[in-house]
Ligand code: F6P
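Okay, here we've got a single chain as structure tokens, the form predicted on its own, with questions on binding and movement later.
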Amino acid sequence: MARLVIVSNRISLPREQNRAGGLAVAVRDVLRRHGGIWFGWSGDVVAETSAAPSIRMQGRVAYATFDLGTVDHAEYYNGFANSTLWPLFHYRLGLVEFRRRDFDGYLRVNTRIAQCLAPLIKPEDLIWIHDYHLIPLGAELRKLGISNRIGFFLHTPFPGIGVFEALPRHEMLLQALCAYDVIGFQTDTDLRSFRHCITTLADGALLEGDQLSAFGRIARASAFPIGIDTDAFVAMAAAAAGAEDTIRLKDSLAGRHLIIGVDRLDYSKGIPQRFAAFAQLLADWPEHRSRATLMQIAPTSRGEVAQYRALRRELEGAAGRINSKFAEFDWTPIRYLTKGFRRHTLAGFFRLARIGLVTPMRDGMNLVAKEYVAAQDPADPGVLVLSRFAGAARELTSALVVNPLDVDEISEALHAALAMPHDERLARWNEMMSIVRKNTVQAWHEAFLAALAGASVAGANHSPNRLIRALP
């Protein structure tokens, strides 16, 4: 097949991949099979944004990175991407902060990225761009004369029209998305929201075969639910069952049931409600006191953003209050950790846990839910408690599905999971595991790349000057 060029906001260098998760793991698996270029931000903030990438080779993969300047980091990354688009796409309008200078910085950085990337592109390359940070990048590449097939995949939810149109300049983002040949979403719900925006806000039309017409272009928009490398994670979890960290955790529990949550520290993950539900469980069903422990792993992220600092303080206070109220001299109800762990270690922790607690307010997919299922001991599996607003809930219907805003419902689900007989746990796990084995990361990228490789390359569909109104 043609060479693959993948672009994401951040890339995971080989030395960092033991701690990578989500998008980074999926991209790594794609490139491990196909080879090509992985292009993105190094994570370093310097005085000025790089004018050219730094390239290093590892096997068949070229890692091309650039550094962000301090102003660009503030406006593009902390500003429009994470203070505007992230809360908007997760339906948190009350947290959306819009500043024109941040939007201008967002466009400016995407222009700079396109200028850095364009010299690396060969005529037959397939270009696959990922996530909300880089929505305008395809249009910027078109303006530089890049006529390759270019696809885009959104890892977050795409909001309903009533939320999306609240964003100033929303029509410019729709136009930018239509510069791509294939636009991918996690779920059919996200796809429907996008189509509604196209037909209502952009006067577009829906065509046959998932195609749509808008802004003088024809593109394909489809749902491609992402998965994990199931066989690899199953093997990792089985091996990790005997690892030192897993044994240490098991010994420290002293026979108690483990409830585990693993999330990046983010207000979209529903962690405060999760803590409240666990406290409600201990209050309403005293038999679980000293018999169950909630371990929440939430590595700190985006510490420069005020809402994230406030969230960390809130969770530290909540964990302290709950532990103060219910703890015994030999039992701490909540173990709250803001450090990250290697995937091998997490796989062992998942296997040990009786309950996987995954209750985001909104999530594109949530691969933690699938990893928890894959990690289970087939002879004695645990129970997944899953938010109805995670993309994974569309597939893992045998989980105990809850509304993450309903603390009582989560508490009741925890009680049901702790009391669930073995035969029911086994039946639910087998149903979910069949889905996790079917909808793998390999199936995801094969479906998307097949759609992209089959996209039209007719010259009229790639003329940025004639058919795409240029972004300012």
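Every value quoted in this text rests on a predicted model; they were computed, and no experiment measured them. So that there is no doubt, residue numbering starts at 1 and follows the sequence shown.
Not on display, but discussed next: the form predicted in complex with 6-O-phosphono-beta-D-fructofuranose (F6P).
Asker: Give me the residue from R142, R220, H155, R362 that has a heavy atom within 4.5 Å of 6-O-phosphono-beta-D-fructofuranose (F6P) in the model of the complex.
Answerer: Checked against the cut-off, the match is H155.
Asker: Have a look at W128, Y77, F215, F224 for me and say which one sits with a heavy atom within 4.5 Å of 6-O-phosphono-beta-D-fructofuranose (F6P) in the model of the complex.
Answerer: Exactly one residue meets the criterion: Y77.
Asker: Since the partner isn't included here, can you check whether 6-O-phosphono-beta-D-fructofuranose (F6P) sits close to all of L23, N82 and W86 in the model of the complex (heavy atom within 4.5 Å for each)?
Answerer: The answer is yes; L23, N82 and W86 each reach 6-O-phosphono-beta-D-fructofuranose (F6P).
Asker: Give a yes or no for H133: in the model of the complex, does one of its heavy atoms lie within 4.5 Å of a heavy atom belonging to 6-O-phosphono-beta-D-fructofuranose (F6P)?
Answerer: So H133 counts as contacting 6-O-phosphono-beta-D-fructofuranose (F6P).
Asker: Consider R169 of the chain shown here, and say whether it contacts 6-O-phosphono-beta-D-fructofuranose (F6P) in the model of the complex, taking contact as heavy atoms within 4.5 Å.
Answerer: Outside the cut-off, so no.
Asker: So in the model of the complex, does R264 come within 4.5 Å of 6-O-phosphono-beta-D-fructofuranose (F6P), heavy atom to heavy atom?
Answerer: Although 6-O-phosphono-beta-D-fructofuranose (F6P) is absent here, R264 would touch it in the model of the complex, with heavy atoms inside 4.5 Å.
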